[in-house]
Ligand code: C2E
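Have a look below at one chain only, the form predicted on its own, in C-alpha cells format.
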C-alpha cells in the first residue's frame, strides 16, 4: 500500500510541475512565434515591395524601348539618360550588345529569385495594353509559371546579395564586413529626413522579347522609419523572451516551494505533527541502500504503548493522543539524525530504525529508551512492548560488505511486530525476531491454507476419551476429541491448530464436523447393539452468538437418527462473558430438546460461582489444574470437595478431568464425584479402540 501511495505522489509531483511548465512553454512559443512571424513578414514585405517597385520601373523603361523603332532610338536614349539609370542590353547568349553608364554588373553570377506574386502580373498587363492600343507584341514571356520570379545579378563593386539555389536571396558571408562598414558610414550621414539609411546596389533583368534582355542597376534602400519598425518588433521579441525567462524562473522557484510543502503535508503524521509511516518506508530504504552504509548494522523496531487503549477509555482520546506526542518526542531523543529514523506508524505503534555495533549495545540503547518512556507521566505507570528485527548485511562471495539492493522495510517492521506480539503482561519488555518465528508463521499459513481441503477430505479424526465411575470402574460416558491426520505432517494434536481455528473463525465448521461424526458413530453403535453412553462434544464460544445454535445441533443429531440423550453439549466457562442472556437461552433450548449441557474447565475463571447461579447446567467438569502439581497443604482437596457438594445441591453431576494417580481417584470416589476422565483410566483413543470399550463397559 505504501508503495502505491508513493507512486501516486510521484506522479502528482510530476504532473504538478511538468504539466505547468509544458503549458507555459507552449504558450510562450506560440506568442514568440507570432511576434517573430510578424517581424519576418514585415521584412519580407519591405524587401518584396522595394524589389517590385524597381522591377515595375524597369518594366516601364523596357516597355518604351519595345514600342520604339530604330528612328526613335535617339529619343529613347535621351529619356534613359535623363533618368540616369545604368543599364546594359544582352542578346540571347548573354553577350552585351549595348550599355549605358557604369557597367558593374556581374553577369556570370545571376539567378532567379521568388517574390510574393508580383512583377510578372504587371509585365503581363503592360504587354496586353501595348497589343490592344498600339498593335505592338513584344513577345515577352508571360507564362504563368514564371509569375513572381525575376532574374537578378550582383554588383561587382559590392557583391553581397546573391540568389541561392532555392530561389531566395542570400548574403555572401565574405562581404559582410565591408557592407557593415558602408551601412555604418551611410547611417551616420542619414541625418536628413527622407534620406536612405542603407543603399545596396544590384542588377535586375527585364526580358525584351526575341531573346534580348535589359539589365538595370537598382538600389535596395532602407530608410530610418523602416528600421524603426524592425527595431520595435525586434525589441518586443527580446523583451518578451526576457520576461518569459524571468517568469519561468520565478514559477519554478514557487513550484519547488509548493512541492516541498506538499511533501511535508503528505509525510506528516496528523497526531504527532512529525513524520508518518510512508516517510519512514521511503527514507529508511534509501538510507539502507546507500553504498556508504553497506557495512553498518541496522535494526527496525516496533514500539507499542501497551496502555494506550485503557488510558483512552479512562481519560479521553485527546489525552491519549497527547501521550502519543510525548512518546514521539521521547523516542526522538534516543535516535541519531539523519542516519536513524523514527515515525508514528498507527494508533499506539511507532517505527524506529537504529544503528548498532552488537546486540548488547542495541539492548542497552533500547532499555535506556524504555526507561525514559516510562517516566513521561508521573501519575501513571506505563509499559511498552518492543519487537526488534535486525537487518542482515549484504556480502559478496568473499564475505565483504556490499551495497544492499533488495531492502524491504515493511517486511522488517512486520517481523519486528511478530516478535512484539509474543510479549504480554504488565511490564515493559523487548523481543528479538528469529527464524523460529518465521517457521511458526509458515506453519500457520499452511494450516490456514489447507483447512478447507482437510475438512472436505475428512482428515480430521474423532478420538474418544472414556469417563468412568470411580466407585464401580464402570464406563459412564466419553468426550469426543479431535485429531488431524495430515498427509503432509502426520497426526497433529489439537493444540497446534484449534487456537488458529478459533482465531480465524473456522472453529464453527469443526464444531459441526465433530457433532455430525459423533452422532453418526452413536447411531452405528446402537444399530450394532452396543451399550452406548453419552458422549460430550465441545462447542466453541464463537458458536453461541448464533441465535439458532440449539436448532442447528438438534437438526444435525436428528439427521443421524441418534437419541438426544446420548449427545452432551460441552461449553467453556469463557462463553459466559460474551452474551450471557443469549447463552442462557440456548442452554434452555438444548435442555428442552433433550440434550445434556455441561460446563468445561470449571474453576479456571474468576466468575465460576456467578455463572453456576444463572446457567441451568447438567454437568460440572472440574478443571484438570486441580489435580496437577500436587497438593501439599490440602487446600486443593478442600476446594474440590466443596465444589462437588455445591454441584450436588444444584442437582448437577460432576466430572473430574486430568486425573492420573490412584490417590486422586480414591479421594474423588470418597467425595462423591460421579465420573473421572484422565490417564489413570484411559487416554484418548481412536474410534475402533473405543468400540471395544463399549462392548465391555466394565473393562478398563
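Not measured: the values here are computed from a predicted model. Positions refer to the first chain, counted from 1.
What comes next is about the form predicted in complex with this ligand, which does not appear here.
**Student:** Which of 465, 383, 520, 199 has a heavy atom within 4.5 Å of this ligand in the model of the complex?
**Tutor:** The residue in contact is 465.
**Student:** Would you mind picking the one in 285, 601, 618, 86 that has a heavy atom within 4.5 Å of this ligand in the model of the complex?
**Tutor:** Filtering the options by heavy-atom distance leaves 601.
**Student:** If we take heavy atoms and a 4.5 Å cut-off, which stretch out of 237-245, 206-214, 508-516, 586-594 is in contact with this ligand in the model of the complex?
**Tutor:** It is 508-516 that comes within 4.5 Å of the partner.
**Student:** Might residue 365 be said to contact this ligand in the model of the complex, defining contact as any heavy atom within 4.5 Å?
**Tutor:** No, residue 365 sits far enough from this ligand in the model of the complex that none of its heavy atoms falls within 4.5 Å.
**Student:** Flag residue 479 as yes or no: does it have a non-hydrogen atom within 4.5 angstroms of any non-hydrogen atom of this ligand in the model of the complex?
**Tutor:** Heavy-atom contact with this ligand at 4.5 Å: present for residue 479.
**Student:** For residue 272, is any heavy atom within 4.5 Å of this ligand in the model of the complex, or not?
**Tutor:** Because no heavy atom of residue 272 falls inside 4.5 Å of this ligand in the model of the complex, the answer is no.
**Student:** Is residue 674 part of the interface with this ligand in the model of the complex - any heavy atom within 4.5 Å?
**Tutor:** No, residue 674 sits far enough from this ligand in the model of the complex that none of its heavy atoms falls within 4.5 Å.
**Student:** Considering only 638-663, what residues come within 4.5 Å of this ligand in the model of the complex, judged by heavy atoms?
**Tutor:** 657, 658, 659, 660 sit within 4.5 Å of the partner.
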